[in-house]
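Heads up, what comes next is one protein chain in two forms, each shown on its own as structure tokens, labelled structure 1 and structure 2.
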Structure 1
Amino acid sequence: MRVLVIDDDPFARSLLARQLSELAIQEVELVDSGEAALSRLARGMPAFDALIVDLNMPGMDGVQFLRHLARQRFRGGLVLVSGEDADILRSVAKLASARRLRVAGTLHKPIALESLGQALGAVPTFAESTVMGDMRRTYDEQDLRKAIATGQLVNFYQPQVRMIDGAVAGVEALVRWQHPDDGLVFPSDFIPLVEQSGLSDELAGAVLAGALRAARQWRGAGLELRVSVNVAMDNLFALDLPEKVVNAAAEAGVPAECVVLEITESQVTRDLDRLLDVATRLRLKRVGLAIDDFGTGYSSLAQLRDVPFDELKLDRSFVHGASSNPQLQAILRATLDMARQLGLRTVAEGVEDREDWDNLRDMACDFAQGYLIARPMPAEAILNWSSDWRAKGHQRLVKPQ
């Protein structure tokens, strides 16, 4: 892994260099300003897998630097560092994510070695990443249509486990593009194109078909899992969607009640009558409906009132670190209490450490998903992972009854 440290304080740079060495990261460069970092990045190869960025710098501060970084379309991981309070760090992390930058972690000074290691552990290596910096390609509609038609889109699956006993309950299908030249391309680099090109139905169909094939194979091996598939709000305006989902499940030999469609509302609902028509018929056919990333976009209490969702997914931004943040703790508790009273199953995303797990368990969240449990993996890896998890993985998390 190659890391670029950006900090105007010589002592801080020296300390970070020493800590990175202790973490066995030898390819490290140090610069003292955002301007120097941009100049270094502009020179191109060798590219960096991660940047450690101090937000409190004279001249170009960290927020300004991130603005320039987004224009360069940097695709490596970011570790944001500051002596300011956690609210500021969290706000900057949200800003970076909104600009399609990949935030691996936020750290408060002085930086603990363990925290630094955890943040860098979330950064994909250069070979595993999409395509970074100046090497990053852009794709057009024709590329994407060809990818869908020729089966270049592949699903990875992230497990979901029941918090009360650690039992494996389901998986979320996460699409990747296995590009013949560029390797594994992540959704952030092609989902906007899907939406712009009107290919949401084609993408959803491909992801669902792949997920159902995998579910059939797992069931054949004795592992019955719910399979969650992300669909755009626009997909719910297709009146024949319920038939398509049920027929696809029947052809794969998988019960319709094992399918959960996760809906992220990225725009204001333009046709509530049509939405309710499709959503209600899906539920009548026993297909699950989850409201994804609740509270982060246009989702609201009105959707929970009107649309027959049976699952609420808590976004990582409300989950990770909530145990030590009173504001997040209040939001998380209120959301879980509301979901419980509405009879909704709750799934927390972004469960990354034991503190996240314990906090959610104490609040009686139903299911957990995140790096603490498992990273997304190919379908063929699920059976072995599940066996290992049942044998020993869950024991460290579940309290004896």
Structure 2
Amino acid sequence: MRVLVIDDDPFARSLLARQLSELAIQEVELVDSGEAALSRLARGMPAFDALIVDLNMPGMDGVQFLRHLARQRFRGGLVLVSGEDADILRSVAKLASARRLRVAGTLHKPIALESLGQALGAVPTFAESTVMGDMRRTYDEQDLRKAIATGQLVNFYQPQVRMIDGAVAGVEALVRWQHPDDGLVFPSDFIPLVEQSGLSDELAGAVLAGALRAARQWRGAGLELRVSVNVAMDNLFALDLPEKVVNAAAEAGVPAECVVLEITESQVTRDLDRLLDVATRLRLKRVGLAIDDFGTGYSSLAQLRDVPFDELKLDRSFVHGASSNPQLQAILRATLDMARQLGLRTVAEGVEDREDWDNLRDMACDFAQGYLIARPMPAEAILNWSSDWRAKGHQRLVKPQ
């Protein structure tokens, strides 16, 4: 493992260097400022698996540094260190995760050797995936149109299971771009372009068609799953959307009630009447409507008030690690309580370890999705995964009643 230490205090740097050597980590570089770290990272190879960052630095402080790091799309693990109190560390960690940085641990100074070891233990070796901003391929509208037309956009599926008995209930379709030169490209790298280019409808259509084809095949093999497809709020303004969805489902031979549209809101809703018209007709046709990433961005109580959702998806940022965070616990409990009273099905995203699972189950959340259950996988892998899960996987998690 290769580690970069960023701390302006020479004594703290020496301590960390000594601790890392005690942990048998040999490849260590030390710098005294955020600026120095960024210029080291910009040189590229060899890439770092983890950065240990002191948040209190003169010049560029830790928060500014993380902003630059996010812009460079640093993919390694971050260990955040501060002499400040736990609240501040937690806020910064939250901020870092929101910017899609991977926080492996937050440590209060002075750092116990054991805690440092644990934090670094949580860092998978990401070095090969450290992608610098300028080395990243960018795509244009033409690339994207071609990708849609030639079927380079493929769906991966992440299972959702019922918490009470572990039954496999559904999957969320997650689009990936199988790029002929660049390999698998993730949505965060092309969805903004989709939206700018006005290709949201095409993309949503392609993803839905793929998901329905997969659902048909699974049903053929005796596995009846609900399929959830992500749809931007913009798509919901198309008055013919309900017919399109119902026709596509009918053509594929999948009941409309097995389709869930997950709605993410990225801007303030403009035309409420029209939205309500489309959403209500979808529900009349028994298509499910889920409010995605609930609690983040514009996915809010106002949406819940105005749109007839029947499913609420808890964002990962409220789920993972909640059992050891009193603030998250309070938010989770209140949200699940509210969802129950509104008669909404609840799905927790980001269930990544046993603690997350037990915590959500104790709060009577309906369904769980996350790495603990399964990572997203190609359609062909679902049947095998499902019989594996039934045979042994879920026994780990579901207590006999």
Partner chain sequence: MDASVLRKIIGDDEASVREFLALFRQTAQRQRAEMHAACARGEGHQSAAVAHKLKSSARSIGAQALAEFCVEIESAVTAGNLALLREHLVAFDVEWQREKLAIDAYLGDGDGG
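Counting starts at 1 with the first residue of structure 1 and goes up one by one along its sequence. Think of the rigid core as the biggest set of C-alphas that the two forms share within 1.5 Å after superposition. A quick note: this is a predicted structure, and the numbers were derived from the prediction, not measured.
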Q.
Two copies of the same chain, shown separately. Which of them is the form predicted on its own?
A. 1
Q) By the 2 angstroms cut-off, has the C-alpha of Ser14 moved between structures 1 and 2 once the rigid core is superposed? A) yes
Q) With both forms fit on the core, has Gly220 moved 2 Å or more by CA between structures 1 and 2? A) no
**Q.** Gly117 C-alpha relocation of at least 2 Å between structures 1 and 2, rigid core basis
**A.** yes
Q: Any chance you could measure the C-alpha shift of Gly105 between structures 1 and 2 with the core superposed, in Å?
A: 6.6
